[in-house]
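Given as structure tokens, the chain that follows is alone and in the form predicted alone.
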């Protein structure tokens, strides 16, 4: 046997390597099927029927649930409320977290304290925190309105005025995501080589703003893209705040709360399944669209 033939024989993979690899992949594939694929298929099956929870029979209705959704004023209102909520939470949750990260990153001895203080809301249960916010914003007993009254203004009914419900819950949502986004930005800032800042200073970027625009902001591109996508998904998944603070009154329903009402309060399983597919499609399109749009501007 020649040396070339010996080398080719040794480089040839074993015959049983492919089946063995499939064995290692199989648990993950089964888990993916059980948790994601099969439930979505079942959900799609329910969405084209008029099935109600507990019913023994149902009829095939095709796309009627989907057309009914876009003719339903409650769903349209929930969609508009969720869009307004996301329009406030996404930019505020990203840019305020970036500003806090820049301030905390410059701390020396107190950095650990500020990191812990800002990250605490992430570790807290949002249902419990919503109850605390309900007390803080109470029109007569809450300290927020006490301060407003002390300043000479009339008390504000943050949770009773329909025009203020969604913005108020959005501010709570911003407070909830700030800590997590701040930690992500801190990790991105730590990964930026200090030599780049020195080179920018030598090239004429004397002020911190110039160095931020020329070095820090471009280098934070991957982190910013991840933060924007995760914050967008979190914004569209708002549920606990609505369930605790308003229970959907005064037209404050959001997409997930509307799904909850249709599926568990009214037992309209088929219609709720159709709303869920619409919700998943909106989140998927938004996430993919943001990723593709921002990926072209990211410096890796």
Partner chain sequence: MSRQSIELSGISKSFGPTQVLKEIDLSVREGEFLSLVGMSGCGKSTLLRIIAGLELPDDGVVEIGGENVTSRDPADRNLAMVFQSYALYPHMTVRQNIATPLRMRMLPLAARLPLLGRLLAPRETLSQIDAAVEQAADTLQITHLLDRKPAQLSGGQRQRVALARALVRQPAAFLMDEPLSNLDAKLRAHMRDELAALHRRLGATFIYVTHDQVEAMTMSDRIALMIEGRIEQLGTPDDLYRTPATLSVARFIGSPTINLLPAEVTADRQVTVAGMETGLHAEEGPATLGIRAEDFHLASTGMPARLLRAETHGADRFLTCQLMAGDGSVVVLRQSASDRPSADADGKLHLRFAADRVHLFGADGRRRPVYVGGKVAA
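Positions refer to the first chain, counted from 1. Since the structure is predicted, the reported quantities are computational estimates derived from the model, not experimental observations.
Quick note: we don't show the form predicted together with the partner chain, though the next part is all about it.
Residue heavy atoms within 4.5 Å of the partner chain in the model of the complex occur in exactly one stretch of 75-83, 181-189, 91-99, 216-224, and that stretch is 216-224. In the model of the complex, the partner chain stays beyond 4.5 Å of every heavy atom belonging to residue 136. Residue contact check for residue 205: one or more of its heavy atoms lie within 4.5 Å of the partner chain in the model of the complex. A residue is said to contact a partner when one of its heavy atoms sits within 4.5 Å of a partner heavy atom; residue 129 fails this definition for the partner chain in the model of the complex, lying far away. Under a 4.5 angstroms non-hydrogen atom cutoff, the partner chain in the model of the complex lacks residue 111 among its neighbouring residues. Residue 196 is the only one of 229, 196, 164, 144 with a heavy atom lying within 4.5 Å of the partner chain in the model of the complex.
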